[in-house]
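Here you get one chain, nothing else, as structure tokens; it is the form predicted alone.
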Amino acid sequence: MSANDKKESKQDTLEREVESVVDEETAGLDPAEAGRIREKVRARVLEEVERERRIRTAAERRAEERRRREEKRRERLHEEGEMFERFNRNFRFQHIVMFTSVIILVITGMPIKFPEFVLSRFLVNMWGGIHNATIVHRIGAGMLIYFMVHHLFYTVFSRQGRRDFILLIPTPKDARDAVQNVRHFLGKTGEKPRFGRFSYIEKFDYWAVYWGCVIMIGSGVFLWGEEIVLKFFPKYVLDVAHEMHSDEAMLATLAIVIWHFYNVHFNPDRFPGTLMWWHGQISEHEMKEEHPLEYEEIMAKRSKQKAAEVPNP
């Protein structure tokens, strides 16, 4: 018997049981009234049965989806291999403070640069007016200043900070890697450039942020204390600071949205995004693909450590 035949058989049995119960309950009633009650009860019972079937089917579907997701997760973990720490907790904290401050600065600063834009009016009204928006903007500025001071101390006094800063300094290899990457994208060569801990893309990201923070904080401090500035400098210095602040803010926003977001989140290999900024972990597969030189360095260091641990005969 097929599945449809079984389903129809069960439905016929159910309808007969319903008819039997309704006949008992409507015995002695007017035939027309009993017929209306019978149809009403039958329709209600069948509606409830169909509802229960849908709920059961949806629950089974959700359970199957959960099972498939879990299988995919296990397969992915098996393919990704060992997990390595790429960013420590201190660095991740700095990054969270930085991008939070930048988001606040963008959504409170751009409405001032483009006041006629419809979205600008919405954002200003969301803060309760331009006065409140400027207060929130200065809170974001304070967070950005704190980030820069924190990062400066991290770079100077932390071993990892000093190591990463040195590795982030551009070298001739970065220019060669950029050329090779372009040739790879154009199909001129099948070999991708082999990156160490930081690629030229990540170095560009870092120094763009570094330079942007210097410009934004420097010009922003002048605009924040304009009365004090005008006591010591001519007005054109304040005008230059205003233009620097406004244009660098636009440049930074475009760099984040177009360059950083694509390379980190919208890249086909990463889409719909990565949580590395939160957990700081990178898989063995990603290390081999994106930072093969660093992976080989880690493996070589481990081999040396294991060889040193082996006791001499």
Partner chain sequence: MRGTFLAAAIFIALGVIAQGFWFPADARISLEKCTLCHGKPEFRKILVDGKIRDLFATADSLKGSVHEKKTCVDCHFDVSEIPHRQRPQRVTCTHCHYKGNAEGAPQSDAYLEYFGSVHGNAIAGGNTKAPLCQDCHGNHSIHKTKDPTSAVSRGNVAETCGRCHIEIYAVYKTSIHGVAVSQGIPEAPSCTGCHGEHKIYAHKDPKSTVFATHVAAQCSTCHGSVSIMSKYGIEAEQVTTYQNSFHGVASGFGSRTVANCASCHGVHDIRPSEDPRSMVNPKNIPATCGKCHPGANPNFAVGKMHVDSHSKESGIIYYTAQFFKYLTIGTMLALIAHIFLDMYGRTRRLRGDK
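The structure displayed is predicted, hence computed values, not measured ones. Residue numbers count along the first chain shown, from 1.
The same protein also exists as the form predicted together with the partner chain; that form is not shown, yet it is the one meant from here on.
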**Item:** Joint contact, E82, L167 and I169 to the partner chain in the predicted bound form, by non-hydrogen atom at 4.5 Å
**Value:** no
**Prompt:** Counting only non-hydrogen atoms, which stretch in 95 to 103, 150 to 158, 221 to 229, 82 to 90 is within 4.5 Å of the partner chain in the predicted bound form?
**Reply:** 221 to 229
**Fill in**
Checked R194, H184, K173, R163 for heavy atoms within 4.5 Å of the partner chain in the predicted bound form; positive is H184
**Message:** Please identify the residue among V209, I201, I107, L144 with any heavy atom within 4.5 Å of the partner chain in the predicted bound form.
**Reply:** I201
**Item:** Contact flag, E60 vs the partner chain in the predicted bound form, heavy atom cut 4.5 Å
**Value:** no
**Prompt:** Is there a heavy atom of W278 no more than 4.5 Å from a heavy atom of the partner chain in the predicted bound form?
**Reply:** no
**Asked** How about L254: is it within 4.5 Å of the partner chain in the predicted bound form, going by heavy atoms?
**Response** yes
**Prompt:** Is G28 a contact residue for the partner chain in the predicted bound form, using a 4.5 Å heavy atom cut-off?
**Reply:** no
**Asked** What residues of 232 to 256, in sequence order, lie within 4.5 Å of the partner chain in the predicted bound form by heavy atom?
**Response** F232, F233, P234, K235, Y236, D239, V240, E243, M244, D247, E248, L251, L254, A255
